[in-house]
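Form predicted on its own, single chain, as structure tokens, below.
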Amino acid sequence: MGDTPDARAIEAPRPNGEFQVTVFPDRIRIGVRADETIVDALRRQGYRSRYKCRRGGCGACRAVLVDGTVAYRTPVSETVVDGPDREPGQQKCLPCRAFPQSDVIIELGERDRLVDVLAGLGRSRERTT
């Protein structure tokens, strides 16, 4: 994880140019366009997640990167990405700045949950999970 992902780990996006991102524990699967971060894709599809600065400086959105590869188009601090509670062998990411380079699975922290804004408006969506 970093500015330049391992070239072997980069997958070609689907024909529509999207990668799939699955967000645990809610098991929400969304499509993420090549030009958007995970947080941007969540917002576009009616979800809200915890974040603050959206610059990768606060770590409020930090999530465990369970599977897949992400890249950061502007540098982010590894200290902020890893956070104070990183376990050995565990990778983390900052969804507010992370651009998927493959299909990705992330797990939000215990205090973090997705909020389905459209459900609150009485609108339904077609879920992909």
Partner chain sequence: MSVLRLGYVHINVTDLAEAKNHYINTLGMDAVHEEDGTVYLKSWDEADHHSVVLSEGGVGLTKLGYKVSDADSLAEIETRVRAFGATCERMSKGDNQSVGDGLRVTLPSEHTLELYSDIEYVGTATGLWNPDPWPRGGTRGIGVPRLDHTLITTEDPALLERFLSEALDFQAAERLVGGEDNTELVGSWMFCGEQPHDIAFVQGENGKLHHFAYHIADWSALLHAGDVFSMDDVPIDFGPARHGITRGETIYFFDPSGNRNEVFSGGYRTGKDFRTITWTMDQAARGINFTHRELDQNFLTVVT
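Just so it is clear, the structure is predicted and the values come from calculations on it, not from any experiment. Residue numbers count along the first chain shown, from 1.
There is also a form predicted together with its partner chain; it is not shown, and the following applies to it.
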Within 4.5 Å of its partner chain in the model of the complex - does that hold for a heavy atom of every one of R62, R86 and C93?
no
Mark C53 yes when one of its heavy atoms lies within 4.5 Å of a heavy atom of its partner chain in the model of the complex, and no otherwise.
yes
I'd like to know if C58 sits close to its partner chain in the model of the complex, meaning any non-hydrogen atom pair within 4.5 angstroms.
yes
Can you check 63 to 71, 27 to 35, 98 to 106, 45 to 53 and let me know which stretch has heavy atoms within 4.5 Å of its partner chain in the model of the complex?
45 to 53
